[in-house]
Structures are given as C-alpha cells and as structure tokens.
Ligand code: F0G
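Here we start with a single chain on its own, the form predicted on its own, put down as structure tokens.
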Amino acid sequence: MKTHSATEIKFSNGLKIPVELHKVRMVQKLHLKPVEERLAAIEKGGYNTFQLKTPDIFLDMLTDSGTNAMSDKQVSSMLQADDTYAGSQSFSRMEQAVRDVFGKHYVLPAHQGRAAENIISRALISPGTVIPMNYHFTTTKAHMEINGGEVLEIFTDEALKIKSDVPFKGNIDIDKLNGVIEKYGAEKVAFIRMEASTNLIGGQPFSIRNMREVREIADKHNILVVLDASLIGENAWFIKQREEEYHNSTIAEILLTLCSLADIVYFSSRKVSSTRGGGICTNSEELFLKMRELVVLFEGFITYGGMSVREIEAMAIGLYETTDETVIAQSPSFIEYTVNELDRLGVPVVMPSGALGCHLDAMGFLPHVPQEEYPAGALAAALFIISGIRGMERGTISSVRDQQGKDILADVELLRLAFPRRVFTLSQTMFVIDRVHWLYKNSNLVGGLKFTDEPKVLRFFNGRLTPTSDWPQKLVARFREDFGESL
C-alpha cells in the first residue's frame, strides 16, 4: 500500500494545501493577549524575544529545538526507562537506533547538540587550525574559536541570494574548498563540516552529489568530514524531492548514504528526534576513544551522557521516526506553504523554502533601517507586538563585534519563524501569513534598536535592547485603527 506524504494530497478545487497526517490527542492552552500587553511584555524583555515568557506568547515560533511534538510511541517508551547509572538498557536501545538510522557503530551521548560540539572541538581543533564549512551556526563557531580554530565559510554564490530557484543553496563551493587546502595546507584543516541544513541562511539543504565531491577531496588529502545531522531528516527529504537520482529512494536509504560520507556524525536530539539530548557517532575506534574521555569529563558516564534515561528511550523511537516520510515531511510542507503564500503577497522571504522555518528577509522588509540598528531584531519585536508570534532574529544581533568594537554585520538579516514538527495547525499558519502581510504593508512604522545590555558571548540570548525612537507606540496605534478591539 502506498503511503502519502504531507505534500501529496490533492484537493478537488486544485489548491495545494498541506494536510497533517496525524491527529491531535493532547492540547496545551495558548494565550492571545491585547496588543498593549504584548507591547509591555516586549519592553520588559528588552526587545529580545528570548526574554519573553510563555503566558505572553500566542504562537511560539522561536525554534524547533526541544519544541517538536513527541509521538504516542515516544511518550509510552519513556515508561520502560532503565535508571541504571552505568550499562543502562535504555542506552543500548538508543545505541542500536543510531546504528540502524545513521549506520555508525560507536555512539557517545551528550546532553544536547552544543555539548557534542564542545566534545568534537576539544578533541580535534588546535590553535592555528581552520574549519571550512557550508555555513556556521552560532554555538558551533563559538566552540571552535574558543579552542583556537578559525571558521571558514565556503558557501556557493547562490547561498545568500534571498530569492533563488537553486535547489541546494547549502552546498559547499568545491573550488573554494580546494583553495582553502592550497592556502593553509591539509595538515592545518582540522576537519570539513557539513551542516544539514544551513540554519542561519534559511535552512537550505545540500545535495548528496555535493557531499560526495567533498568526500573525494577529503580522502585525497586525508582530512576528516564531520556532519551536523541536527536537521538531517529534512535535508534527506529535500534530496528525495529535488535530487533526481534519489526520487525513488526511501528516507532511510538517503540517511544512510549521507552518513556514510562522514567520519563523524553529531546531532541535537532536540531537533532530529523531537526529544532533548544529543549524540556523536563514528565508525572509527580511534576517534571514539579520543572523544570518550571528554564525554565522561564534561557530560557524564558514557551510557547516559547527562541525559535522563527517559529522554534516551524517546530519542531511540524518534530516530526511527525520522525515517518516516509522513513525519519528516510535515514541517517542510507547512514551511513551503507559508513561503509561497507570503511570496505571492509580495513579502520578501527566503526562497526556495528550506528546513526549520520560514525566513523573512528583514532588509527587504525594512529597507529604511540600517544594519547597525538591527532590522531583523526590530522585525521580530514588531511582529510580536502586532500578533503575539515569537520568532528568532538571525542577523547582526546574532553576530559579534570586532576588536575595535564595531558590529561585524551579518551576511543576511533574517527573521526565522520556526515550524516545530506536528505543532501548528493550518488556521494558525494562516494567521501567521495574515499578520506578517499586515506588518509588511505597515513596515514604514517600524524603526531600529540599540543595545542597553550587551553580553560578550552569544549576546542574542541574554542581551537587552531599546527602540531608537517611539516607533512601537506608533505601530500599536495603527494596529488599533485597523483592528479595533480585536486581539
């Protein structure tokens, strides 16, 4: 019997609308407060959406990390957790799931993805080494630089184009990779990192063909390849949809192919299997032993790695569910629908649609706000004020300052609206589209932001900002004119 993905169901009127291939069996109450209360909440949070509290939020689209909906099988599996400190059966089941899904024999647990990044960075990076990659992630870059490495982003020319028809904007530029090796020497390359999919530039995937080319170069120069598999399920889905050679392959087959091309695979379970935790896996005993002692030092014993065994049980089930097209397709399908509708309405949005979320182009949305005044952060605050939707700034606030204290301006200024797996309904998605469109039509009212409290490391988490003018009050006034007493 043929199963359908969320993108394959057709309506008789010709419309293409995503349909959830699951049913809701548990609900959590949401809050939609008046616009004045939303303004007060963002003011209290220092115009940083990370500082908002759940009761003030209507739709939480900050991230898919730890916010995906678990399945009934995952929840029920937690009841069989083995609480043994060392040698837990729960870990054995998770270990087998990693072997089956990722094809790697040696497995090391970690309490989350950034903990895995810490272990890998400490084990493989030394001062003066470089790490070429398709694009950085904030915590990844921080761990690598703390250990003396230099991140080299060697993405293709298409990667930063907001609107494109290139299906794999997450590819590494092969000519640039050869150039890095020629310039620095293979011995100075700690490893090549592939991120599936590129979080900071719109969740864009890479192709198997591109990864094979990277693997060939790595083998030629005896360089390791490390795969960040946190969104590998979605990357596999895009490969099946967009890479002709793999149209008839299963997600499970594509996952095994991708992982076979990497020496080390690490992941955030908060993304890949809808639970908390993370892990590192490899087929190299030498690499396993090198990282194992660090896991014991920083995470915990090697059969729990700082995680609850209940989470480990759910992780094992979640990894298997990542191979299910009806599970993995739901989020990309809703993202694609949102992106296409916003583009139809003229709203500047990253295209083609990618993984994790819909990404609004803040510089196209707010061309009058200079990058030094953080347009993506301002757009995130404005959208929350007029809708209760919490998104995440992925622009210069997420960057750093240089040694002279000036902002290193981000390559792109994006507002990410994450779509956690199996969380939002179609009517909620339509509400998002409507409010984003309204804000775009009134975007001239939105101004910039400036820091009032700026942490030195990963400032986007805990930093506080303030508007450069009274634009939030003007935005609220316009909202009331158009919507009256409506929330």
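Not measured: the values here are computed from a predicted model. Throughout, we count residues from 1 along the sequence that is shown.
FYI, the form predicted together with the named molecule isn't displayed, but the following is about it.
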Original post:
Heavy atoms within 4.5 Å of the named molecule in the predicted complex: does Q74 have any?
Top reply: no
Original post:
Might T63 be said to contact the named molecule in the predicted complex, defining contact as any heavy atom within 4.5 Å?
Top reply: yes
**OP:** Indicate whether T84 is a 4.5 Å heavy atom neighbour of the named molecule in the predicted complex.
**Re:** no
**OP:** Considering only heavy atoms, tell me if R310 and the named molecule come within 4.5 Å of each other in the predicted complex.
**Re:** no
Original post:
Okay, which stretch from 370-378, 89-97, 106-114, 212-220 lines the named molecule in the predicted complex, with non-hydrogen atoms inside 4.5 Å?
Top reply: 106-114
**OP:** Please state whether all three residues N134, K169 and Q204 have a non-hydrogen atom within 4.5 angstroms of the named molecule in the predicted complex.
**Re:** no
Original post:
Which one of T396, N199, Q330, T322 is close to the named molecule in the predicted complex, taking close to mean a heavy atom within 4.5 Å?
Top reply: N199
Subject >> The unique member of A159, L152, V189, M392 whose heavy atoms fall within 4.5 Å of the named molecule in the predicted complex >> reply: M392
Original post:
Going by the named molecule in the predicted complex, which residues of 215-232 come within 4.5 Å of it through any heavy atom?
Top reply: D228, S230
